[in-house]
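Provided below as structure tokens are two forms of one protein chain, presented individually as structure 1 and structure 2.
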Structure 1
């Protein structure tokens, strides 16, 4: 038989392009506290509502409501607020430094600070994080020295990576921060493998990994979920859905068909979809997933629903592919403002204290910048040539020894 209907190819398209009005009405967030908190031994199928709904703790009045409320004390909340504000101040300065030619490349995480900072405070430092290039907040929340981060970005003589990594591709084993890979989605199978090894050795540490919404279309994503499911790896698999990949919207990764969290259900993995701009919700979901992993109940998939307010990188111009006012109209708001409002509602914060803290973190970043720039910025200072011969082989082979001798280093 011949099909009488002419076939057509569906090509996803964003709802708005530059110059179009912004309409987020279809994304009206559900009420905070609407979803229950299941037992950590829950079967994957019983998290269907959690994978397709949205876990929220903070309501419009700044109150923490519902079963997912982690009931954090004010000290932890202020620590989280400071970490997010410090991350944003760090981003702002390094973006300006790139524009001044002091480094070649930078990537901001504006609007996504809660995803990394909340998780950093919910997990102990010896758990291993396998990040993307937008989880710098995890290092900052764990008090990794800002000067060292800047030295790496500038690739100067004090670069802890000795000039071997691109800017923003940090690594800090002592802070539970695995080397960032520029190849998309590779951190998922790496994290699952690390977690499997931890379980095989009878260790107590778990792993957590991050990818963006666009990377879920990579084969590594699916392979990682297969291994995580089969071997019940103690790992948290985070999908940061910030609506945009480099310049293509989430629809090209299949967002129009279902949520990203729902993909975990097909692999038998409990899955959560979380308000990524709600510090308390991210903390609670991470804590829940960590409890499951430590109880040998296996992996959890978490989709953090958020928005990339900044360009993808300093090489990107988002005004060419999305409306300029889209970020400010994002219905889930700003994570820093929302946590500030919560602390004020609890009587633990004020506008005056917030203004003072903002000034303090900006000055802290400025001081670190001066210290790092005194060592040198891009092209002014670089690691010694001899560094290229070290830390590659356990026992240096003869041909490298000869090359080093020829260079006189």
Structure 2
């Protein structure tokens, strides 16, 4: 070992930090419509190009092109547009409310609305979604009452979570929306278990799961893919690659040398990489994966390539670790703008209508806000303190009863 190379530790770093110029040119997105839409019985290996490329439907002119065009009628698209706009308006208000001290915490999904909203409309609500905290768009697209979301965020007397959870940890079984966990990645293998149960019972319902790019590093991610592969579970395994995990860029999740979608291939799971800011592409990929699952062909991995335009949460200030102008320069654009352009190009929408809708969703959020705030913001009203001791177990055991009595509630 004489004269051997000295080893050195490689620590990845993003292209740009605050103060550096932003250059996304190496990411120039491939043209829309370029990739074929394989048969749902495809072998994983034959989705190699889909796992490394990028499925896109909307081109720069706003036209829907190629084999992945889901050929949705304008009604559905307007519903999707509305859901995304309402989600953004909701996020904006709640972020402001946190800043005003009306709640302790909030998380936006700005720039990523298509990921959740398209899936919500592509799947029936008796399927079960295992979301992360950034799929609020799914609830909103399915018309879950905004007031109820707010009641939870305010931990007020009407909070469906009974004041027990930090904001944005919704639960909505009736809307096919699993209780959000604060522990990253845990929901991914749980979704596989739910899907296995559905298969076990000879049901027709499938599961869908979400995970962030950063969270894919957890062991749970791997166990989910392993179980999904072994038992051919009817589940859609979605990775939302929004480039950032708090202050850590995707290189710390191993994105430097491969794509997240490509992980799936090693498990024999057909895998797609999708333009996550393209409502139509997300819709189409979700539909394809759902068809596969329902045909007993097993799981699909989908990477949604997008960008977290917002801070991680209200506790975060991204200008400390990334250039502020990254979001604007993001080459895949804004999902709302892109769908709007498509609808206008199809003659199904107009600037005026858009403006009106924008006003309408803001108004809708404001009205819900007023209603919820009337019940109370954080600390103003809350569920009975007794609720602290309920639901730890189905029936309250003696020691919790005694502790409740000790507290005098």
Partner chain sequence: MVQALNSALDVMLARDPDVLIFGEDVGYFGGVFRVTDGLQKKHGLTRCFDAPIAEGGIVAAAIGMGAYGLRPVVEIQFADYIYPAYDQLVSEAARLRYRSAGDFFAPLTVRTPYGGGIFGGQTHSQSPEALFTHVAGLKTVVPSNPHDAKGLLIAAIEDDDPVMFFEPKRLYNGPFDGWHDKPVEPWSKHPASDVPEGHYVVPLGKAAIARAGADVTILAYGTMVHVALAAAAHAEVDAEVIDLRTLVPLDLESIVASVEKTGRCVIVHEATRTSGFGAELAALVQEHCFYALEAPIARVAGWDTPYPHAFEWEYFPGPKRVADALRAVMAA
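Residue numbers count along the first chain shown, from 1. As the structure is a prediction and not an experimental result, all values here were calculated from the model. What we label the rigid core is the largest C-alpha set whose atoms superpose within 1.5 Å from one form to the other.
Student: Two forms of the same chain here; which is the form predicted together with its partner chain?
Tutor: The chain shown as structure 2 is the form predicted together with its partner chain.
Student: At a 2 Å cut-off on C-alpha positions, does residue 10 qualify as shifted between structure 1 and structure 2 after fitting the rigid core?
Tutor: No, shifts by less than 2 Å.
Student: After superposing the rigid core, is the C-alpha displacement of residue 22 2 Å or more between structure 1 and structure 2?
Tutor: No, shifts by less than 2 Å.
Student: Once both forms sit on the same core, give the Cα displacement of residue 389 between structure 1 and structure 2 in angstrom.
Tutor: Spelling it out: core superposed, C-alpha of residue 389 shifted, distance 3.7 Å.
Student: If you line up the core, how far does the Cα of residue 401 move between structure 1 and structure 2, in Å?
Tutor: With the rigid core fitted, the alpha carbon of residue 401 is displaced 4.3 Å between structure 1 and structure 2.
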